[in-house]
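Next up: a single chain in structure tokens, the form predicted on its own.
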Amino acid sequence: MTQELADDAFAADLLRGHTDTIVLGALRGGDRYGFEIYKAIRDATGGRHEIKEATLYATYRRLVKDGLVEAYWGDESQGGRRKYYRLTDAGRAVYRTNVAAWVATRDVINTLLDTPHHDAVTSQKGRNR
């Protein structure tokens, strides 16, 4: 496995663990229907990250069940009937908590990766090639 592939797999694993928070974040600006959320996430990353449809719909069901999002059917004025999702107050609170946890975790990881120990390990790997 090349380093580039390892980096992609690592980033995908990190992002997968935050799917609920990413969806909650996509709903902060207002109600959206399922495919609209998919596009918002894809477009926000310039196409670098897409969440599979099956994963998204499982996420919507879980967020509704947990009371973090409400679902309702929109009118049919623009084609087919669409199911919309709305962030609840509980969803906003969970979003804020998850973002704070992510920022704290990111700061710890950044601190650990910027230590002299990290540089020594990196230098040692370079000498072993």
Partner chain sequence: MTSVHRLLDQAFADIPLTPEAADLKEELRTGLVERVAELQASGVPEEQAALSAVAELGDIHALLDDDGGAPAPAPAAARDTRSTPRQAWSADRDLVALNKVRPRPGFVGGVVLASLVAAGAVVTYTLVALDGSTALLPVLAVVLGLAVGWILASALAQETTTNHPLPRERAAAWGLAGALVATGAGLGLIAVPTWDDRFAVAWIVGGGLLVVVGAVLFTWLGVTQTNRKKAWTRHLSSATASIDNFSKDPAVAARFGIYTATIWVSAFLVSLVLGFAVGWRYAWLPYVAAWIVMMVMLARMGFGRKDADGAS
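This is a predicted model, so every value here is computed, not measured. Residue numbers count along the first chain shown, from 1.
FYI, the form predicted in complex with the partner chain isn't displayed, but the following is about it.
Looking at Gly74, you'd find every heavy atom of it more than 4.5 angstroms from the partner chain in the predicted complex. None of the heavy atoms of Arg28 is located within 4.5 Å of the partner chain in the predicted complex. For Gly46, no non-hydrogen atom is located within 4.5 Å of the partner chain in the predicted complex, even though that partner is not displayed.
Put simply, Trp102 is far from the partner chain in the predicted complex: not one heavy atom of it is within 4.5 Å. Shown here without its partner, the chain carries Glu53, Val64 and Val94, all of which come within 4.5 Å of the partner chain in the predicted complex through at least one heavy atom. Residues of 82-113 lying near the partner chain in the predicted complex, listed in sequence order, are Arg82, Lys83, Tyr85, Arg86, Leu87, Thr88, Asp89, Ala90, Arg92, Ala93, Val94, Arg96, the criterion being any heavy atom within 4.5 Å.
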